[in-house]
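In the block that follows, a single chain appears as structure tokens, in the form predicted alone.
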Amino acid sequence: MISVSNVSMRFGGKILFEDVSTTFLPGRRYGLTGPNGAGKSTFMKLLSGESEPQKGNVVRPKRLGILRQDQFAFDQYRVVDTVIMGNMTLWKALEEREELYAKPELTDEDGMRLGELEGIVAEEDGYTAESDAAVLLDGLDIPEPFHHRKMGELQGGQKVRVLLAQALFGRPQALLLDEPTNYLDLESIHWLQNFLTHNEGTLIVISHDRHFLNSVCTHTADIDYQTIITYPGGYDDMVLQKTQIRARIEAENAQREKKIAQLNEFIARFAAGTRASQVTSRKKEVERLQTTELARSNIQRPFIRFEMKRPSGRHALEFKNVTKGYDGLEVIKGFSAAVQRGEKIALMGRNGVGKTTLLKALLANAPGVDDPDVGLDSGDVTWGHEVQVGYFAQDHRGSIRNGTTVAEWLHEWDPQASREEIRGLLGQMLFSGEEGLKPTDALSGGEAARLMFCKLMLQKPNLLVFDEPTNHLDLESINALNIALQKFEGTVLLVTHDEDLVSEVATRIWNFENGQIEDFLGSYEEYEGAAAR
């Protein structure tokens, strides 16, 4: 159990939350929600003990599993040892035991201490620690050959998965996970969902993956209105309840204001007359009926709408025997397909199987794409009549030129656009007022992503290519993107591990597995049904 009493946090004049008291109970799985900047990560740091509240106190269990954010902290350790460090009591006992066994001779005192340490190791399941760690690593797509390598030899995404395994190791009494699905493919996300739903302790998780929150969480703790309100159910349940409560209060206020207006009219008409007692009675009634003051929500919802200057021809894209590799490894081997106008294709598969590689191969001679990082080794790619491509690269931050402002950079992509049009687009994506003058060098990951959406809305291409567009977005922005792609009348190629985005947008699946690409004509739900048969 984790208990929070009268906790407050503010930065400068901005109040994140004030006088919050709540309890997170064992056996319950809580999603911690709220828009970017609401204070989710700050609150998680208070729960973990990494930060102290400016007011109030936090009571936490002895054994916490925490998803560490520092990818480089364990570079000198083996992968399997890094995971075992999730149980520091066990790890310290193992280290001390190894030091004692390394001595040329043991004293009687050493022998007694070894007996104590063996008891701790047994109590903490230390004799199966490496095999338990291996199970976690395998489930998170870190194969056995990597288990005994140094952490410093792994790529960033692999390190994050090892740190997630570390948080899950040793049956912690409470788990605190900040964005645990980052760098996970769908298969690993499904594994993690299953693992967490069988977790008996307290779970508190921050995630921008709506499907993950709905699948895992029994409760949702929402940071809004400068407080934290807990709702039963997953993310969608919380949104529905929150909306209903707000609507009910607004309706009650409207009724009260109508009644108050009628009473004030009576008071104004007869205040100086002979009906003084009735006037007094109505004044008291006005005081009793004063409306509930509604705090302002800190949720901001962007508005995304992708339009086309003109549609493409019926055949948007055709390619034959496309081959592409890197570092001497052939990843895409002779793949051929034809894409019709209006199709929305999701590229699926585990990390590293070639989804981004295929996109970059197809974009080699794409109209409207100027990216030195695209190209193919062999094969033919033919783009259809009037096709114009809009590309959202996984590493899109590098395509935003530094040394200028947000508005100036956006204007470069259509010098004919009016300042009002530029301001309107930026406003839709939450760059309001003076934020259009923000230097591009200072953009956060989420701001850079939203600026790229502005560019695509300004250019109005008829074929959109997205490579992991949700990585830095909050739930409101992802939902806006989901709706925009559903309504878009053009063609879409989409790489994402967001299951709701795949299931609600895709009309066709390219699934990468065992060096092959399966081309399935149908929705994700139909694909899942066919795979289960």
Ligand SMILES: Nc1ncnc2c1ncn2[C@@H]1O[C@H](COP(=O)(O)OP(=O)(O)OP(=O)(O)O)[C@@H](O)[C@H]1O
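Just so you know, these numbers come straight off a predicted model, no measurement behind them. Between two forms, the rigid core is the largest collection of C-alphas that superpose within 1.5 Å. Throughout, we count residues from 1 along the sequence that is shown.
The protein also exists as the form predicted together with this ligand; that form is not presented, and the subsequent description refers to it.
K.L.:
Among 60-68, 35-43, 498-506, 483-491, which stretch has residues with heavy atoms no more than 4.5 Å from this ligand in the model of the complex?
P.N.:
Of the options, only 35-43 has residues within 4.5 Å of the partner.
K.L.:
Going by heavy atom distances of 4.5 angstroms or less, which of 132, 447, 124, 185 would be at the interface with this ligand in the model of the complex?
P.N.:
Of the candidates 132, 447, 124, 185, 447 is the one lying within 4.5 Å of this ligand in the model of the complex.
K.L.:
Answer with one of 443, 425, 317, 160: the residue that has a non-hydrogen atom within 4.5 Å of this ligand in the model of the complex.
P.N.:
By the 4.5 Å heavy-atom cutoff, the listed residue in contact is 443.
K.L.:
Find out whether any non-hydrogen atom of residue 29 is located within 4.5 angstroms of this ligand in the model of the complex, and reply yes or no.
P.N.:
So residue 29 does not count as contacting this ligand.
K.L.:
Looking at the partner-bound form in the model of the complex, is residue 259 within 4.5 Å of this ligand by any heavy atom?
P.N.:
Because no heavy atom of residue 259 falls inside 4.5 Å of this ligand in the model of the complex, the answer is no.
K.L.:
With heavy atoms only and a cut-off of 4.5 Å, decide whether residue 179 touches this ligand in the model of the complex.
P.N.:
Judged by the heavy-atom cut-off of 4.5 Å, residue 179 is in contact with this ligand in the model of the complex.
K.L.:
Would residue 324 show up as a contact with this ligand in the model of the complex if we use heavy atoms at 4.5 Å?
P.N.:
Residue-level check for residue 324: no, no contact with this ligand.
K.L.:
Heavy atoms within 4.5 Å of this ligand in the model of the complex is the criterion; list the residues of 208-237 that meet it.
P.N.:
Only a single residue, 208, comes within 4.5 Å of the partner.
K.L.:
Compare the position of the CA of residue 222 between this form and the one not shown after a rigid core fit and state whether the shift reaches 2 Å.
P.N.:
Result for residue 222: yes, a 2 Å-plus shift.
K.L.:
Answer yes if the Cα of residue 426 shifts by 2 angstroms or more between this form and the one not shown on a rigid-core superposition, and no otherwise.
P.N.:
For residue 426, whose C-alpha is compared between this form and the one not shown after core superposition, the shift is less than 2 Å.
K.L.:
Answer yes if the Cα of residue 41 shifts by 2 angstroms or more between this form and the one not shown on a rigid-core superposition, and no otherwise.
P.N.:
Comparing the forms between this form and the one not shown, which are aligned on their rigid core, residue 41 does shift its C-alpha by 2 Å or more.
K.L.:
Regarding residue 178 and residue 400, go with closer or farther for their CA spacing in the model of the complex versus this form, the difference being 3 Å or more.
P.N.:
Closer, not farther.
K.L.:
Your call: residue 70 and residue 444 CA atoms, closer or farther in the model of the complex versus the shown structure, by 3 Å or more?
P.N.:
Compared with this form, residue 70 and residue 444 lie closer in the model of the complex.
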